[in-house]
Each structure stands twice: as structure tokens, then as C-alpha cells.
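Just the one chain here, the form predicted on its own, laid out as C-alpha cells.
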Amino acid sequence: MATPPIAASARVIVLFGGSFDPPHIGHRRLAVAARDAIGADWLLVIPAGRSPHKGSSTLFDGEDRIDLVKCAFGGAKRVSVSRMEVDRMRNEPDRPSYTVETLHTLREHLPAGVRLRLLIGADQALSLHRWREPRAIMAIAEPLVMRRAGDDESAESLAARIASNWNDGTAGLGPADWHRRVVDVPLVDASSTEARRLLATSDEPGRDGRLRELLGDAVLQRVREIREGR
């Protein structure tokens, strides 16, 4: 793997993975807000080759999703996009992109003094204990859990629910530990699921305007170029 596209001066790096099929405005706003909330130096966005949680089908292929993510984060400072998982999928097309493997690879290619944080949503945090080698994941990159502003559940309650999945007395996994990993981010009305649904229709009233709201002009334009090129 080539050296990750990260500034040499960065010492705290937030890692943000996902299918990004397609990326929407919330991906950028939430990830940048989380990075800034903890004073991290850099945000590395890693589109998945094939997520083990979402099956093998995607609306856009790996190369297209790389392009779309670059459009989504275009102009953002202290942000870069890694193609490591998409490249791995090219070599191993049937193998899912496991987070722990990606983290091991990144750790090998980054200076020892660099600290990694893994940005995940609240739902992902609640299922993290079921991921492949979850303790290894946490040892390499401490989770950073997004809680959306306006959620009915408090940060304390969310932390307690996450901790209940790790209720084995292990240090660093209690409610207080998870509470300090929770960061509040803006509430953004956008989802890739809605975007895919709208892209699959042609006659829904307000479709084009809503797609622009969901994706932003740059991503929507690139989506159209990709689809017209097929």
C-alpha cells in the first residue's frame, strides 16, 4: 500500500469509513464536525471495498465511489480520501472490507506517535462488539461515537447501553469510558438510502430538488456524469 495521503505533521487522525453509495451532505458535515470537536489534526475518509454488513451489491462501483467521495469532501481542509479498501477489493473481489484489517495496514504505514480514532455512528457503536476482532480494533483506533444533536437519548444513556455489551469487567469499557468517546454532531436530514431510492425513480415530484439537497451540487453532477457514461 502507498503511504496514506495524510499530512506528515498530523498526530491525531480521525478515520471515517463507509460504503458512501452515494456520499451525501451529512457525511461531510458530521465527519468534519466530529474531527473538529476533539481537535484532531486530520480526517481520512476510507470508502469500503465491500462492506461485510451490507452485502456485495452497491449502486456505484469502487472507482465511482472514490470519485464521488472526493467530490463530497472537495475543498475541505485537513481531509483526504484513501483508496486502500477499493484497491484491495480489486485484488480480492470476493473478500469483505474488514475494519480490523484496514487498521492493521494503516498502523504499519503510519509513524508510531500518530494516534488513530475510529469515527462511527451510535448504531455502529452498539454493534461494535460483534465486529471481527473488536478488541483489536479498539487497541489500534479508539472509537469516536457520533451522537446527533436533538436525539432523545442522552449521551449518558447511550454510553451505558454501549457499555452493557462489554460487561466483562475489562478496563476502559465501562459507561464512563464510553461517555468520553461520545461526541455531539449536527442533525442532518440526509441518507444514502433515500438518495438511492430517488436515483431509481424518474417521476417523483420534487425529485431533482431533493437530490440536490441530499448530495450537493458537485456530487449530483458527478452522479449524472457517471450514469450518462454507462
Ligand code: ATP
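From 1 onward, residues are counted along the sequence shown. Everything quoted here is computed from the prediction, not taken from an experiment.
Absent from the display: the form predicted in complex with the ligand. The rest refers to it.
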item: Distance check, N165 to the ligand in the predicted complex, heavy atom within 4.5 Å; value: no
item: Touches the ligand in the predicted complex: G18 (any heavy atom, 4.5 Å); value: yes
item: Any non-hydrogen atom of V182 within 4.5 angstroms of the ligand in the predicted complex; value: no
item: Partner proximity in the predicted complex: R115 to the ligand, non-hydrogen atom cutoff 4.5 Å; value: no
item: The single option of R147, R78, H129, R88 touching the ligand in the predicted complex, heavy atom within 4.5 Å; value: R147
item: Contacting member of L59, L199, L30, A40, with respect to the ligand in the predicted complex [4.5 Å, heavy atom]; value: L30
item: One stretch from 106-114, 88-96, 70-78, 147-155 that, in the predicted complex, holds residues within 4.5 Å of the ligand by heavy atom; value: 147-155
item: Within 4.5 Å of the ligand in the predicted complex: residues from 170-204 (heavy atom criterion); value: V188, A190, S191, S192, T193, R196
item: Distance trend in the predicted complex - C-alpha atoms of G150 and D36, change of 3 Å or more; value: farther
item: Sense of CA distance change between A149 and A40 in the predicted complex, threshold 3 Å; value: farther
